[in-house]
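Form predicted alone, single chain, as C-alpha cells, below.
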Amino acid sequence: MIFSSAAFLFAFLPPVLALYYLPLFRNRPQTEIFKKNLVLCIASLIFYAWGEPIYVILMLLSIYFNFTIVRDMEHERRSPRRRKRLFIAAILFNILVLGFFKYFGFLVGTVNSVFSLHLPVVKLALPIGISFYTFQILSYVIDVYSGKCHVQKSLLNFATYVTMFPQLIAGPIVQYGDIEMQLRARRMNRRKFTAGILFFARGLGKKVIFANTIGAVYTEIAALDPDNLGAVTAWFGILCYTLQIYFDFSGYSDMAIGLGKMFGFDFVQNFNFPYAATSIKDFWKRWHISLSTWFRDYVYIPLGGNRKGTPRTILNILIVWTLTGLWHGAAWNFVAWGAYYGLLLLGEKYIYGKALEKLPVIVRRIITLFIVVIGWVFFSAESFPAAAQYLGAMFGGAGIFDGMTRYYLTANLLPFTLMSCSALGMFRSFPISKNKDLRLVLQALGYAVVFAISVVCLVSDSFNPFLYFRF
C-alpha cells in the first residue's frame, strides 16, 4: 500500500484515525496512550502486510529480538564486558539481516566476476523499508548502550516506534531519542491535526502532480538508445529526473510528517530546498537530512570524526560516503555515487572550499547544482556502464540535438519551468496576505484544490510507487 493511492486515502486512513481518536479512556491518560499505540501498531502491521505479508514475520522477529537483547544488556550494567558482548551481538544481528537481504546477491556476483566463479546467486525480494527500520532499530540499540536514552520497558511502545506506518517505508529516519517521550505521552490537538492535513496534501501534490508528471518524461528519454541521444535531450532527461526524485522523496517526507502530526508525533524535517544549496556540504545539510544526521551521529563521530588528524578525517569521510552509497543500493553505480560525494566533500574541505566561498551566491548555486545533476546520472542508472554511456550522451557523444529534442522541450517546457522554480524555493515567500487568518484560509483552500487534483490524477494513473521504496 502506498500513500498516493485511493485504497490508502479512502479505505485505510479514515478508519484508523477514527479508532485512534475513539474516546474510550478520556480520563485515564496512560490507558488512553496505550490504546492509541496499540491501534497505531496494529494498523502499521496491516499497512506493511498489504504488499509483503511474509516479511511481517521478519519484522516482528527483529522487534522482539532487539527489545529483549537491549533489555538484557541493561540488566548487565554491573558487568561491562557481558554488556558490551550483548551490544555487539545486537549490532551484528541487525547488520547481518540487512546485509543478507540487500547485499548477498551483490557480494556473490562480485566474487564470481573477480575470481571467474559460477557460484549460484539467490535472488531474494528486498523487504520494503528494511534499510529505514533497521537504521531506526540501530539508533535505539546505540543510544541505550551509550546512555543517551533509557531502555524501553514496553514491547508495545518499541513495536510502535519500529513499525509506525507514516515513516516506515521511506523515512524520514526517526532516531529513538527524538520520539522517546512522545511514545509515552504526546500532545494531540486540532491545530496540530490541521497542520498535518496541510503537510499531507502538499506532499501528495508533490508526488502525484509533479513527480509523476515529470518522471514520465525522464522514463521516455531514458528508454531511448543513448548512442543516438543528443546532448540537449540527455541533459533535459536527467534534469527531469533531478526534479522527479526531489518531488517524489520530499513529497513522501511531507506526507509522513503530516501523518505523524495527525497521530500526535513531531518528526524531523527531511528536506530544505536542497537545489538552492551553495556547496555540496550545504546540499547534504538540506537533502535527506535524517540520513545525513544518522551517518554523522552513528558512524562518522564514533570513527573519530575530525578529531584525530587529517589522514584519519579523510579516511572517515570516505568510509561514511561509501557506506552511504551502499545504503542506497547494492550495485557499483551506487558505490561510485557515494565515493563521488566523498571526494567532492574532501575537495571542498581541503582544496577549493575557500575559493568557492568568494564566488557570488548565484555562481555557487549553479556549480553545486551542476555537480548534483551529474551525480544523479550514477544514481538513476541501472549499472555503472549504463551511467557512463548516458554521461557520454550528455557531453555530445551523439551530437547536440536529435530528432526528439524539439518535441520534448516544447511539450514540457512550461511544467518543467514551474517545477524548477518551486524546487529552488522561489515560491516559498510568495505574498498571499498580511492578514494571518485570511492567509490560513487561502492556504487551506489552495491545498484543498491540490488534494482534489491529486485524487483526480490517482483515478486515471496506474500504480506508481515512490522511488525510495527500493532502498
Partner chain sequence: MNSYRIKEIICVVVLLVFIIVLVGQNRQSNADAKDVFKSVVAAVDTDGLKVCKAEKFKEQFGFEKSDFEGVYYMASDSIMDVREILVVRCGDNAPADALLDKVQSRADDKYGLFKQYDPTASALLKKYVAEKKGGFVFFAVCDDVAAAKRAFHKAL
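Everything numeric here is computed off the predicted structure, so don't read it as measured data. Residue numbers count along the first chain shown, from 1.
There is another form of the same protein, the form predicted together with the partner chain; it is not shown, and what comes next is about it.
- Among heavy atoms of Asp72, some come within 4.5 Å of the partner chain in the model of the complex.
- The partner chain in the model of the complex comes within 4.5 Å of no heavy atom belonging to Leu38.
- Not displayed here, the partner chain is approached by Thr68 to within 4.5 Å at the level of heavy atoms in the model of the complex.
- A residue is said to contact a partner when one of its heavy atoms sits within 4.5 Å of a partner heavy atom; Phe101 meets this definition for the partner chain in the model of the complex.
- The partner is absent here; in the model of the complex, the one residue of Arg77, Arg307, Arg81, Lys123 having a heavy atom within 4.5 Å of the partner chain is Lys123.
- Contacts between stretch 77-101 and the partner chain, counted in the model of the complex as any heavy atom lying within 4.5 Å, involve Leu86, Phe93, Val97, Phe100, Phe101, listed in sequence order.
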